[in-house]
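A single chain, nothing else alongside it, follows as structure tokens in the form predicted on its own.
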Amino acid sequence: MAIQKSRNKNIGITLYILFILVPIYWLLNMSFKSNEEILGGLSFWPTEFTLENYAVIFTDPTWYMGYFNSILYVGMNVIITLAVALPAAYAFSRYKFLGDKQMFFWLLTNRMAPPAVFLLPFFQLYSSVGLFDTHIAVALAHCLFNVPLAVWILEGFMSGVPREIDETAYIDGYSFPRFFGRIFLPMIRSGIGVTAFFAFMFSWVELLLARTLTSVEAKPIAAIMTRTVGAAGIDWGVLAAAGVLTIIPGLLVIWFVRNHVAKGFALGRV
């Protein structure tokens, strides 16, 4: 009976994984086809294999600079988010002060609000101070919803570290920066990995702010993908190739933080 249940469970998991992978396979399949073949009918693999779609992306500066712009502002956002959220989360986990619960809830409400609510204020502000169409503008705008999430995740990990460790370090003569960098942060590295993962993913897939706050110099790949719509219709092959390449950075991030993410889901508040 137990063997049968285990077999049914394995079959169910396999079918679920296959179901999840079907859109990804179809996207990859389309990226190696011409538009004529894509629109000509249903086929489960390319009949005339072509790399022209990828050649368009790697030879057109507008396309590959879109990936560069996206990776640059997302990386900047992850660094800024961690730099701000780590001390803030430590303060929430270790100290009690007037209005701490209300402030913590207010941070989370920023994450709950849709980006469209802050679109006009950001646009006017960045246009006035000369930050429009810059990478730092998008990185700072994404901090609006990434920092509250990062503080919430990190506070859960930090609260799980006994306060006696802080007191012992101070008795041993550690200054706060030395204690925080050499002792405390390594103890919550799984939480930092989880936080970096979510910050990267939310910033990578966000389109509304990134598209509105940029025009040419810092335009992200998600906005450039709309260029495939022209007088002749949609260039499905190039669009599929761009979609495949867009998935790769996320897979690389998951690969590098996979161990921390696994521990984080088990130990933290995620």
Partner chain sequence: MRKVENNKAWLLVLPVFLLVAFSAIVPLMTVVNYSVQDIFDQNNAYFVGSEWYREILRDPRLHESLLRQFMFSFAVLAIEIPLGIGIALMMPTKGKMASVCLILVAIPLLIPWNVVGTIWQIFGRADIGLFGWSLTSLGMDYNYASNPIDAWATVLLMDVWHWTPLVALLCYSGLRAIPEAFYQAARIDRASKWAIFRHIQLPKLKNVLVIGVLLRFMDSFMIYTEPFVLTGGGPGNSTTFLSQTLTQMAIGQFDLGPAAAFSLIYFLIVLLVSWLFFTTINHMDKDK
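Residue numbers count along the first chain shown, from 1. All figures in this text were calculated on a predicted structure; none of them were measured in a lab.
Below, we refer to the form predicted in complex with the partner chain, which is not included among the displayed structures.
161 is the sole member of 71, 169, 161, 196 with a non-hydrogen atom within 4.5 Å of the partner chain in the predicted bound form. The closest heavy atom approach of residue 103 to the partner chain in the predicted bound form falls within 4.5 Å. Among heavy atoms of residue 75, none comes within 4.5 Å of the partner chain in the predicted bound form. Of the heavy atoms in residue 26, some are within 4.5 Å of the partner chain in the predicted bound form.
Although the partner is absent from this view, residue 218 stays clear of the partner chain in the predicted bound form, with no non-hydrogen atom inside 4.5 angstroms. Of all the residues from 55-91, those having a non-hydrogen atom no more than 4.5 Å from the partner chain in the predicted bound form are 80, 84, 85, 87, 88, 90, 91.
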